[in-house]
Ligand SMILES: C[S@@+](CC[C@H](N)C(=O)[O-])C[C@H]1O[C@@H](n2cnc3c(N)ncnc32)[C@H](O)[C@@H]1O
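Only one chain is given next, in structure tokens, and it is the form predicted alone.
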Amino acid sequence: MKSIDAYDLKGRVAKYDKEMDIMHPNRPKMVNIGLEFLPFNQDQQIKVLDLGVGTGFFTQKLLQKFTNAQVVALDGAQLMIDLAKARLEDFEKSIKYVVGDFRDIDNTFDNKKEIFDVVISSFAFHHLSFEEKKQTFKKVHDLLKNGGWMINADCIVDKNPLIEQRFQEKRVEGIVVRAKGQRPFDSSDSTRKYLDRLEAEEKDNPLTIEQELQAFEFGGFKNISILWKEYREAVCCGQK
């Protein structure tokens, strides 16, 4: 990769992070809660699968904490893999990148070779339908060692329409305040339109917390729990 290309990728990561900080300010907290929960020593050699690695935010925090971990970073888009590589260049010896659809992970990995201690994911599974999520969680379960954990940090919706409406109002209010006049978040109306357009383009399909837990249960997980929840975001876990 040419140096100018690397610079451009790092700039795009910074831009992505800035927008995520505006729209999802709890992302660092959510990731840290998931990592704090994992019952491993910080120098332990663990094998981790990051589903929907995106720009590598979750994997970066994990490798900073668990310095001997080995990560398989999967994403459906080569562009996101490129952005993750730009963020994670200091950890390149600890990461294997895979371009693939995590709904098809049973065909992506050889179950006899790719068995993980942990599967992590953040802001990725909300693109799936409830049925797709259930089936994918079942495949994730098959890729874990006995006793292994799955941590999912993601968007959710409330099953009560009135509560969900209020959550959305608070969501928009917070974004406008954090954006400090930055377009397209300079007003409630423009923010709402931007979010609606973005979610339609990305085919977002966040589920309720009840459905989230049901997906873990359908997948065969035990010790399922909500580690953290605030408004429209939650961190959940399950163990094989």
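Only a predicted model underlies this, so the values are computations on that prediction, with no experimental measurement involved. The numbering used is simple: start at 1 and walk along the sequence shown.
One more form of this protein should be noted, the form predicted together with the ligand, which is absent from this view; the next part is about it.
- Residues with any non-hydrogen atom within 4.5 angstroms of the ligand in the predicted complex fall in just one of 138-146, 161-169, 88-96, 101-109: 101-109.
- In the predicted complex, none of the heavy atoms of residue 116 sits within 4.5 Å of a heavy atom of the ligand.
- Among residues of the shown chain, residue 124 is one whose heavy atoms approach the ligand to within 4.5 Å in the predicted complex.
- Although the partner is absent here, residue 57 lies within 4.5 Å of the ligand in the predicted complex, judged by heavy atoms.
- Contact check for residue 128: a non-hydrogen atom falls within 4.5 Å of the ligand in the predicted complex.
- Between the options 151, 157, 80, 72, the residue in contact with the ligand in the predicted complex by a heavy atom within 4.5 angstroms is 80.
- Proximity to the ligand in the predicted complex, defined as a heavy atom within 4.5 Å, singles out one entry of 231, 228, 218, 16, which is 16.
- Annotation for 12-43: interface residues with the ligand in the predicted complex are 16, 20, 27 [heavy atom within 4.5 Å].
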